[in-house]
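Encoded as structure tokens, the following chain is the form predicted on its own, with no partner shown.
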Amino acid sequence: MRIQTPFPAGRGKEDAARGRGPATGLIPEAGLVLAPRQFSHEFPMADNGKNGNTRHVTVIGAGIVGVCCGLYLLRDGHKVTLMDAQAPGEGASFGSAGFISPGSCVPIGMPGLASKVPGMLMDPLGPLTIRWRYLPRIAPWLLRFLAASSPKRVEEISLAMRALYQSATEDFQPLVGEAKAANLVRRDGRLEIYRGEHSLAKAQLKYDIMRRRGVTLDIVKGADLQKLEPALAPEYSVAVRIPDSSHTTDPFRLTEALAKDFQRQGGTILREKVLGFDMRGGVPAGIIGEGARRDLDALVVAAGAYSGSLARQLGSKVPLDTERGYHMMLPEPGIELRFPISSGDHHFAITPMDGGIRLAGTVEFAGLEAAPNYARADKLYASARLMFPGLQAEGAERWMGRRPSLPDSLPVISRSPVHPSVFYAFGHGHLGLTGAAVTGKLIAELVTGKPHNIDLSPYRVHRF
């Protein structure tokens, strides 16, 4: 089978300064050997009056990000409690596309976005849409979103995304291994499929950015693509293969397995909604749940789309909104997929999973409370049938989840500038699974006082 590779893995000095590679902690330019950089924390460690930096850390949020934070904190010797109104993995983590993508380095907001805003308002089933009645609420967020789509900002953001997510797979490995959940993660790569080279040409800017960040990209065409995915309609004749990509065959079971291992290692999970904080002398001294007040030593806010209100109570105002994502699960799909797939024409994911095939993705801005528009899930199936005519929907299940989204496509991974014992880990958008283990490791470094190998300033909570 012949696979063309037209995108050389060029690596520039900017990448070398901001990225992180498996051996040195950095992406070196060809012929250049660099030692790992170590970055100190934004704010001094609080004196907790204990030997070393061992603390009792409460993590609000038991999704994949919160669970990974808990596991890495346990590895550093802390006592850890997870609090969430739902069981681990029952929120946005339940319905993700399952991708773990170290090559993620292209923001949602891209140059030319402003001209597309009217279409976002007019097409309720489009890949990125805004409900009319929500427009006044999201207008300030949208202005920041547009500002982040300038060519200069896109380049800066892509560097920060690549630096953050490049170690996504390797940072998951110890957690998955200890939880004996390796069977739930497959490293098969991913195909981004297009209906002809004219469609691929429209995405050239995206792939130019990925190439500059050193992501390996292979072109697969015609008969070679049909051999990889025999069920694919012939008119979808070209794909970009991203070999350095993994996926989980069940995002919920993966989160659940990691949560069980967290408990096995001594962590505590409380099924309880957090209502607020007990502030004493301007300092969060306790956390107020539905059941009781609990003392606070250190706190990590990893509550996904619900993190914004908690951060405001703690003195940090963050422009967090929610990307409402939909999926349709097909338990009897009638076809077999060999690879996880992204549709370049229709902008959603098609993932082979243990329970069938999952169609997932697109972005809807309508807030936390609006009722789901399940016609968006149905549209996923209609688009998938264009690509895979044999696809069947018997027994299909539809779902909608709320992903935490910030206008610059970067998460918040940060110590609070107001309270040194408070840390933030939210805002990953549709990259929550990709960023979960990376974020957990960085949060543990912040809490413990360890140096880290990337500059965290692009993800600071007070950057807006």
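No experiment lies behind these values; they were computed from the predicted model shown. For every residue, the number given is its place in the sequence shown, counted from 1.
What comes next is about the form predicted in complex with a small molecule, which does not appear here.
Next on the checklist: Would you classify Pro411 as touching the small molecule in the predicted complex, given a 4.5 Å non-hydrogen atom cut-off?
Outcome noted: Outside the cut-off, so no.
Item to check | Touches the small molecule in the predicted complex: His430 (any heavy atom, 4.5 Å) | outcome: Because a heavy atom of His430 falls inside 4.5 Å of the small molecule in the predicted complex, the answer is yes.
Checklist entry - According to a 4.5 angstroms non-hydrogen atom cut-off, is Val438 in contact with the small molecule in the predicted complex? => result No, Val438 stays farther than 4.5 Å from the small molecule in the predicted complex.
Item to check | the small molecule contact in the predicted complex: Phe339, any heavy atom under 4.5 Å | outcome: The answer is no: Phe339 has no heavy atom within 4.5 Å of the small molecule.
Next on the checklist: Looking at heavy atoms inside 4.5 Å, which stretch does the small molecule contact in the predicted complex, given the options 220-228, 195-203, 121-129, 323-331?
Outcome noted: In the other structure, the partner sits against 323-331.
Next on the checklist: Under a 4.5 angstroms heavy atom criterion, identify the one residue in Phe99, Phe388, Phe252, Phe145 near the small molecule in the predicted complex.
Outcome noted: Checking each option against the small molecule in the predicted complex, the one that comes within 4.5 Å is Phe99.
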